[in-house]
Ligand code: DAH
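Presented below, as structure tokens, is a lone chain in the form predicted on its own.
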Amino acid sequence: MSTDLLYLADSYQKRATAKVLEIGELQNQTFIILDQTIFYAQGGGQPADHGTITGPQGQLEVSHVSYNGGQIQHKGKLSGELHVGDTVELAIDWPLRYTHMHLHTAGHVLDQAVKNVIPGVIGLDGNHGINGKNYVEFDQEITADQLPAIQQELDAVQTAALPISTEMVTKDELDERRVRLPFDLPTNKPLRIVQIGEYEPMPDGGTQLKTTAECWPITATQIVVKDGHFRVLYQVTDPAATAESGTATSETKTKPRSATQTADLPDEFTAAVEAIRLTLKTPQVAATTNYFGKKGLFSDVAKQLKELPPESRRSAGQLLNQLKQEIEQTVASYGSNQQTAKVDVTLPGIKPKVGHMHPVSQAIAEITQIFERVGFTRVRYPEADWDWYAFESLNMPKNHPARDEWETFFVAAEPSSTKGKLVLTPHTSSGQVREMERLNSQPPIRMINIARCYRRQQDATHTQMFHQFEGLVVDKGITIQHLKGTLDYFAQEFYGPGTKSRIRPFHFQFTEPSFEVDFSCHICGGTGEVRRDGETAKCRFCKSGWHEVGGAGMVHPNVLKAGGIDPEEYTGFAFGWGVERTYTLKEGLNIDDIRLLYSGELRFLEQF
């Protein structure tokens, strides 16, 4: 059952009631799924709402909200008890929501202002408060000298008091009305459009204000180039908050400039100076480092002095000196107008937050301990290795696709006369022959190799740098039964009692026979079905009862020969999987984008 998103119909609704459908635990947090919600789930550049969910016997302090396949997960700290079937009261943190609304609407107003200045430009992406970043990204070049014109359009759209309307639509209706789509629409959410006045509508799923007259002042502050696209950074200023702190918000006091002072200066130079003056109106931007730092706004303009004609440099220097005084006075006035906070020195100190190992490091430690208990030795081999160990010794022919430069990172270094080119190792299998050499080709071998690997792919399920663990066993009389027993052991130790493994025929160059390895789902027990609300339903986590985790097989005789071991006397098995992939399949995690593990997002990492 999907969660009904009440905020799509009314962004101003602060309270509501709902029914609890599901309660669970995600590491040290509780999550709740409701039949309907007013809490906005983070997405579309807008941060998630905070607030409370209160039931008859407990309350959840909501600290994050996320969208999961049609259902909204409300996550946070639970006090007391809540139960499935409870009717609960929802209350959002309205000041926070209202700020998010201003930031999101400001992004759409800025998008329109830029289009008014540069017809035909397309807005590709936006961020409206997540991690404190506010910008709209465009596909065409935007320069600093266009900021004054963009600011003029921003002010014009705001003062026009245009109505802002939203409407639920279908994909067919969007096509029929020829609404421009600069990006692919999500397929897991209801579709909605937002329209400012009579301007062209845009797809949107966030919370919006009712009119541009309600918008707090919006300031376009800077142009940043990122991956060939152009981001216009912006800020909004809450007049009430700045008035309470005594900070000037409407107009920055600056000395007037005479017309003769800039008559002989290039338009690009004076436009850059005016763009900096605009930023002085926003207290959040007006900080010394933003202007005088190594890459500060003032520093960037000052570098242009040496490029000006000799006859213009005197005027330019005078203008920069004046601008510097304006910046220093404005920054000082903002600082002096801040109220001094009262401090009670008798209060107990605030304990610093205690960190923990990264989730990938936690997984590596757990995997190491599991295999050490059955006699495996943990090793680690070079991340930059020779082609011989990465491919040739593993029975891969020279024309194998994995040895193509579009699949593997090759290092610009002098090749070895015997071992070929240097590569960033694409798999921990490169440690197999190295381990045989380390032991002087004398089995028995029981190796678990855990290391970083590198491949060219990067998407929701792959990263260019990732971790693998490689198991290798070589001895007399080793069979597929030993491999299957090891797989079952790891499955039960890592995912819990009752987890099973299965192997399916496949092909790898360095094993014969080769297998794909699946583990049974710990949620449905491998059946693919669960009981929900008294009825049998498809397991949402696995969809089929099994998860594919990696590859395995019996070590190919050519690999044993490359390691100096006689395949007529010894046999062995090997397996290798991604640490991140293995970890994300654990119960309760449900991580749909593996890149989150390397995002540095504290709200995500604090769950582990």
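This structure is a prediction, so every number in the text was calculated from the model and none was measured. Residue positions are given as counts along the sequence shown, with the first one as 1.
Beyond what is shown, the protein has a form predicted in complex with this ligand; the following relates to that form.
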Q. Hey, with this ligand in the predicted bound form, do Arg455, Glu470 and Ala552 all fall inside the 4.5 Å heavy atom range?
A. yes
Q: State yes or no: in the predicted bound form, is some non-hydrogen atom of Pro47 no more than 4.5 angstroms from a non-hydrogen atom of this ligand?
A: no
Q: State yes or no: in the predicted bound form, is some non-hydrogen atom of Thr425 no more than 4.5 angstroms from a non-hydrogen atom of this ligand?
A: no
(Q) Within 4.5 Å, heavy atoms only: does Thr105 come near this ligand in the predicted bound form? (A) no
Q: Examine Gly576 and determine whether its closest non-hydrogen atom to this ligand in the predicted bound form is within 4.5 angstroms.
A: yes
Q: Identify, from the list Phe508, Phe138, Trp216, Phe376, the residue with a heavy atom within 4.5 Å of this ligand in the predicted bound form.
A: Phe508
Q: Within 4.5 Å of this ligand in the predicted bound form, counting heavy atoms only, one of 428-436, 143-151, 227-235, 73-81 shows up; tell me which.
A: 428-436
